[in-house]
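Below you will find one chain, with nothing else, as structure tokens; this is the form predicted alone, and questions on how it binds or moves follow later.
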């Protein structure tokens, strides 16, 4: 472990890991980054979290946080300069819960529809559209999901909506204009671009990559 900094086990394209990295970057927290391969997960990951999924954050005192939302909230407890999680917490938590349960299940069936032959792609698209319509309607009256400023909920939802959009980007952009603009603003942000840097797969015999943030905002 590099000078007792937190250690983050991550996978670049995992939406859960993306949002955890955005939370850490926004809060300006330095950590040791360990990029893993999901096809060859290291024993070191299982040693601290039996789930073997990412992201997992191990703090310098040995405490392990293995849920992405908890990692973000821990980061915000350390430093939350733009008040990402200071108001409308119930609304934000409800949006996150809906995303991580109902939306994620529908997203998996939509994106990987060939694995779910019981229904046609159009059926899964219609199901996911119900959630996308709700998001799009929210953005009719505000710039972000819960107001005029970025909040934790935006960061928590963004990687999953991005994943959904790229199944059929033309359909997404044509049908959800407000949500499309919202997503584009995040994809083009310094914050998101900064956390999508490619890293070599971590070798258990060596240290990870030292990540130093100065606090990156929109």
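Residue numbers count along the first chain shown, from 1. It should be emphasised that the depicted structure is a prediction, and the values quoted were computed from it without experimental measurement.
Only in words, not in the display: the form predicted together with a small molecule, which the text now covers.
Work out which of the listed stretches, 146-154, 38-46, 182-190, 166-174, brings a heavy atom within 4.5 angstroms of the small molecule in the predicted bound form.
That would be 38-46.
Counting only non-hydrogen atoms and a 4.5 Å threshold, tell me whether 14, 53 and 66 all contact the small molecule in the predicted bound form.
So, yes: the whole triplet contacts the small molecule.
Is there a non-hydrogen atom of residue 21 within 4.5 angstroms of a non-hydrogen atom of the small molecule in the predicted bound form?
Output for residue 21 is no: heavy atoms all beyond 4.5 Å of the small molecule.
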